[in-house]
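First, one chain by itself: the form predicted alone, in structure tokens.
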């Protein structure tokens, strides 16, 4: 009988080598972007980058819809669901109501929403600790400012954007308690996300008051803010995506909000059969937010500045520094 052992072992080994890898689930992913356009160089574009990474890795097509106004959200989600698109990613808090309604109608379709929480078993909610990332760029702003006056231009005046502002202010005060923050919100309607001209006006008004660095957390409106900073010889801070490349030499840094990961991870999990509903909260510890350092801004960041901001980052991750979340009590206190 022993004479069969060798051939059998060889046969089993050959079969093991020839066995195909575990098949992944074929999926039909889709994205409903926020208003402001897919190529807003900020929030939407970050999600698009995550989608592009998934497509390049897997060859899987991703259906997309760019709404021009908020009334189109519900219809877009319903049409995608009816076509069997799954999972469907909703970009932005303003899609919460529409997504919740459609998700109830299609309980077997998986939905991922970014920046809002929808409590349904077939919805994955991904939110970020923007205040932690904003704290870091606030530290850098305070260290780089010569006037001690720093600006903030937000988009739509909502608690989420106040969270950015509050974290930024805390970072400024951490590095320079005597520094002053001058802030403006662009508006109170969704149009505030897509008004670069107004963003530029607000930034110029701040520069006239002595501001020498401005942080834009305003979607496409921020493009005007950053352009105004370049035109005036001031420094800008980008948001969401790495915007340093827009104006190399006048972009101090960008606050990275890894919305690309939200889309990419949702698609990968669905493909692997491991997609789960529930809420994910991504901060510095989870790699969900950070600050950007690259060839376009490295000359503006001194070794001392880098050491200071990295020390603050480590302290936030460890819990030594707790950055107050404006949305916990609608107050920056």
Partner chain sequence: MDDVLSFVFLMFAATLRVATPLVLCAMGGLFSEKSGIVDVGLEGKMLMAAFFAAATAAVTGSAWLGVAAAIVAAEAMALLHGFACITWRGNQVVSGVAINILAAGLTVVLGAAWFARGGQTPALESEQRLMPLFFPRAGDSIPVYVALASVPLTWWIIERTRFGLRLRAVGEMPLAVDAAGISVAWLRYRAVLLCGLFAGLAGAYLSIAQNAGFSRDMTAGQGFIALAAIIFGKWRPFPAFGACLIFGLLDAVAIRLQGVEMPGMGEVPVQLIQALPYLLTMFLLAGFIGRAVAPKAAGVPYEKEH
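Here the structure is a predicted model, which means the values were calculated and not measured. Numbering follows the first chain given and starts at 1.
What follows is about the form predicted in complex with its partner chain, which we do not show.
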Just checking whether residue 204 would be counted as a contact of its partner chain in the model of the complex - the rule being heavy atoms within 4.5 angstroms.
yes
In the model of the complex, residue 64 touching its partner chain (heavy atom, 4.5 Å)
no
Residue 209: heavy atom within 4.5 Å of its partner chain in the model of the complex?
yes
Indicate whether residue 231 is a 4.5 Å heavy atom neighbour of its partner chain in the model of the complex.
yes
Pick from 244, 85, 183, 170: which residue has any heavy atom within 4.5 angstroms of its partner chain in the model of the complex?
183
Here the chain is shown alone; which of 122, 116, 227, 176 has a heavy atom within 4.5 Å of its partner chain in the model of the complex?
227
Honest question, do 41, 187 and 198 all end up within 4.5 Å of its partner chain in the model of the complex by heavy atom distance?
yes
Quick one: find which of 98 to 106, 67 to 75, 138 to 146, 257 to 265 has residues within 4.5 Å of its partner chain in the model of the complex by heavy atom distance.
67 to 75
Stretch 159 to 173 - residues with a heavy atom within 4.5 Å of its partner chain in the model of the complex:
162
